[in-house]
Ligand SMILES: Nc1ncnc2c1ncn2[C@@H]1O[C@H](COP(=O)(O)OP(=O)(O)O)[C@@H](O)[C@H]1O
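Shown next as structure tokens: one chain only, the form predicted on its own.
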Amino acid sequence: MSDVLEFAGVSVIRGGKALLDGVDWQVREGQRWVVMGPNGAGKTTLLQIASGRMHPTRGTAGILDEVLGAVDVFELRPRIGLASAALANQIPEDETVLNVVLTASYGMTGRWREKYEKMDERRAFRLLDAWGVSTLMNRRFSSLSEGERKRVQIARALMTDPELLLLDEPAAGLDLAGREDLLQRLGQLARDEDAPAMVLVTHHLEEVPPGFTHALLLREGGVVAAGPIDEVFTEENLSNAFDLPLSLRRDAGRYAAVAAARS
């Protein structure tokens, strides 16, 4: 297996504050990573670097055998699938669902005068169908429910058959039914041997899909623990990351945590 991501001493400094502080991290082909930590831990900053949308202040960030600062990021980004609220906010309100997925082929968020092949349209439809939203293909993206929008975003992120898939809080804002439907689909994708390496950012253990293999815990820009998910998700590590004594439960590949009972 080769490295998909390789961070060595990666730091990001803004306004004298370290958003990331000396992060060492490797993601290899076939791995499915969860990145967790409290607000301000550096999760979003980490994902921005991994997607080629931010450069580190110090250290080296390797992405798909390229090094940030020594590669044209506009050639690199089509190899990376990204689903995030920030990207969704760039989509024009009147854009159709089919075009939201289709325009990923050119790295655009709205259709203009570019031409697409029939094979591109068929691929976009198949992805929408796989994520249960093909019947919405002619609807405006802005008219969808939050759960529908999340699934369309993931279909879009997969449009270019990426080598790396980055998901920024994909279950955020969903009700219980929407969350469980999405996590089930993400679990199926995680178990697909042909799927790209995956990195999913979340605040909540309950939003970790089954089938994910590794975890990275962050706190105040630094790494608390990283490695195989069962070794990282322990009561001690989680309590350290969130600065709160936690009781951990695992059932059928899903995790949950609550504050430990006071003695």
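Numbering starts at 1 and follows the sequence shown. Here the structure is a predicted model, which means the values were calculated and not measured.
One more form of this protein, predicted together with the ligand, exists but is not displayed; see below.
Between the ligand and the residues 51, 237, 31, 44, the one pair within 4.5 Å by heavy atoms in the predicted bound form involves 44. Contact annotation: of the candidates 210, 227, 222, 40, the single residue with a non-hydrogen atom within 4.5 angstroms of the ligand in the predicted bound form is 40.
Per the 4.5 Å heavy atom criterion, the ligand in the predicted bound form is contacted by stretch 32-40, the sole one of 228-236, 192-200, 32-40, 57-65. Contact annotation for residue 254: none of its heavy atoms lies within 4.5 Å of the ligand in the predicted bound form. The ligand is not drawn, but in the predicted bound form it has no heavy atom within 4.5 Å of residue 248. Proximity of residue 241 to the ligand in the predicted bound form falls outside the 4.5 Å heavy atom cutoff. Counting a residue when any of its non-hydrogen atoms is within 4.5 Å of the ligand in the predicted bound form, the hits in 6-30 run 14, 17, 19.
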